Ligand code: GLU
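Only one chain is shown below, in C-alpha cells, and it's the form predicted alone.
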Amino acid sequence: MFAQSAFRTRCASWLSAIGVLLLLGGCGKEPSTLERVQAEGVLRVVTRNSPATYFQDRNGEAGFEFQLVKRFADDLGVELKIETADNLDELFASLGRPSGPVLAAAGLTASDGRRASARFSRPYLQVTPQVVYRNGEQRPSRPQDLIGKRILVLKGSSHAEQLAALKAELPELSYEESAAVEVVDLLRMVDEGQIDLTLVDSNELAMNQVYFPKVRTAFDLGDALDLGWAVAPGEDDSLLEEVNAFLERAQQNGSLKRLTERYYGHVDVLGYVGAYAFAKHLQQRLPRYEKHFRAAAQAQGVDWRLLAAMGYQESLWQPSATSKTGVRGLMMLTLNTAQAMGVSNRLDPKQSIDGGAKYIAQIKQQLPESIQEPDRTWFALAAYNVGGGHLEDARKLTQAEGLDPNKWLDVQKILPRLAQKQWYSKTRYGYARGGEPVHFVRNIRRYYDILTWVTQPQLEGTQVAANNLHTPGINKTPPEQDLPPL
C-alpha cells in the first residue's frame, strides 16, 4: 500500500509538471528557465568538488557553495541536485545543456573572459588573487619577479586570464595551466617544492593554509574580485533575477554573513594539545565522566580508555563543546547521529558518551570481516571521523597500489590522497580532507596509550585481551617512551 501511494504521489507530481509545461506551450509561450525549474521541482546546479565549494564529510554534504545554493533551492521550494565538473571548461560548457544544470555555483569570479560564456549574478563574496610561494625561497614582491619561475594554475581559471594579460606586458613570463589539479593540489605542490609559485584566491588559501605549513603569500595580484553564480547566456533573465533577489535577501538578513563566518571566519587546527594540558585535564576533568565512559564501554563491548580518548580528541572532555559546523557535546555528535543513537540532549555528558559508544560500536560492526584487530579499531575511528564511504574509497586506492587495504599502516598512507584531484576524481565519494582522519586516529592512539599507562589497568574482559589493543604500562617507563609506533 505504501509503495502504491508513493508511486501515485510521484505520478501526480510528474503530471503536474507536464501540465504546467503543456499549458505554457499551449498559450504559445515558451516556459522560462525559472518556470521549468518550478514545474519540475528540481534545481540542477553544477559545481566543483573542492573544500571551498562542495564535498562530503561525516556530516554529509558540505561546502560554502553547497550550503548557500541549498538555501536557494529551499527558498524556491524545490529539490537540489548537484553535479560536479572535472574542470572549469567543462563547468561552463555544461550550462544550458539540454536537461543539464541551469546554475553554476562554484566560487567563480566574473572575469571579462567568462562573460562571453555565462551571465553572472550580483556578488556574494569578495576575494583577492594572491601569488603563493614556498617559505625559505626568495619572496616575490612584484609581477616582474614572476619571470623565470615555475608557475602552475588551474586551466580555464581567472588566474590563467590574469597571467595571460600580464604576459602581454611581460613577454618573458611563462606559466602552465592544468585541468588535472585543484587548488589543494597547487598548494601542496608549492609546499613540497614541485613548483615555485601559483595563484589562488584569498578565501581558498585561508581555508587550506593550515595543512601546508611552508606555503606563504607573496603579494596580491590586482584588486579584490567579486564571486558570483553563473547562468547560461541568452535573454532569459528569469532565474538570474530570482538568484539576485535571493542573494540580496541573504545579505540583508545576515544569513550570508553567518555562512561566511562559518567557513572562513576561523581556522581548524588539528594536532596534539600538549602533554601538560592533557595531564591537567586528566586530573580535573576525567574524574567527572569516568563512570559514564566505563558504563557505556561495558554496555557496548569496547575499552573505556579508548572511548575516553575519543572524547578528549573531540571536545577536551567538555560537555558543552559546540563547533561552527553544528556538532555538539562531549563526543561532538552531529544531530543526525544523535537522533539515530537515541540521544535527545547532546549537551548531556552521559547521553553524549552513550551515543558515541553506540556509534563507534555500530561502525566497527559494519566494517568488512577481513579487517582484524587491532586495525579494526583504527579503521572504525577513521570512519567515525571521515565517514565510511571515504574510508572505503581509500581502501580501494590502497589495494590498487599493491598495498594491504586491511592494514591501517597502509591505508593511512593513502588517505591524504582523497584531497588530491588526481586521486579523488577516481573515487565514488570524491573529495575529503583525507589528512584529518590520519591525525584523528594518531591523536586518539596517543591519548589512549597514555591513559593505559596512567591508569595501570587490568584487562577488562576477554574481548579486550584478545584484541591486543594495548599493552599495560610499566611503572618505570615514562609515557612518551611507552608509545607504540604508528
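Position 1 is the first residue in the sequence shown; the rest follow in order. Since the model is a prediction, treat every value here as computed from it, not as a measurement.
Absent from the display: the form predicted together with the ligand. The rest refers to it.
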- Query: Given that the ligand is left out here, which of 285, 114, 376, 216 has a heavy atom within 4.5 Å of it in the model of the complex?
  - Reply: 114
- Answer with one of 314, 201, 393, 303: the residue that has a non-hydrogen atom within 4.5 Å of the ligand in the model of the complex. 201
- Is residue 385 close to the ligand in the model of the complex, meaning a heavy atom pair under 4.5 Å apart or at it? no
- Message: Taking the ligand as it sits in the model of the complex, is residue 256 near enough to touch it, meaning that at least one heavy atom pair lies within 4.5 angstroms?
- Response: no
- Would residue 163 count as touching the ligand in the model of the complex under a 4.5 Å heavy atom rule? no
- Message: Test of understanding: in the model of the complex, would residue 109 fall inside 4.5 Å of the ligand by heavy atoms?
- Response: yes
- Message: the ligand is absent from this chain, but in the model of the complex, do 154, 159 and 227 each have a non-hydrogen atom within 4.5 Å of it?
- Response: yes
- Sort through 360-368, 201-209, 406-414, 331-339 and report the only stretch with a non-hydrogen atom within 4.5 Å of the ligand in the model of the complex. 201-209
- Residues in 183-197 close to the ligand in the model of the complex, defined by a heavy atom within 4.5 Å, in order: 183
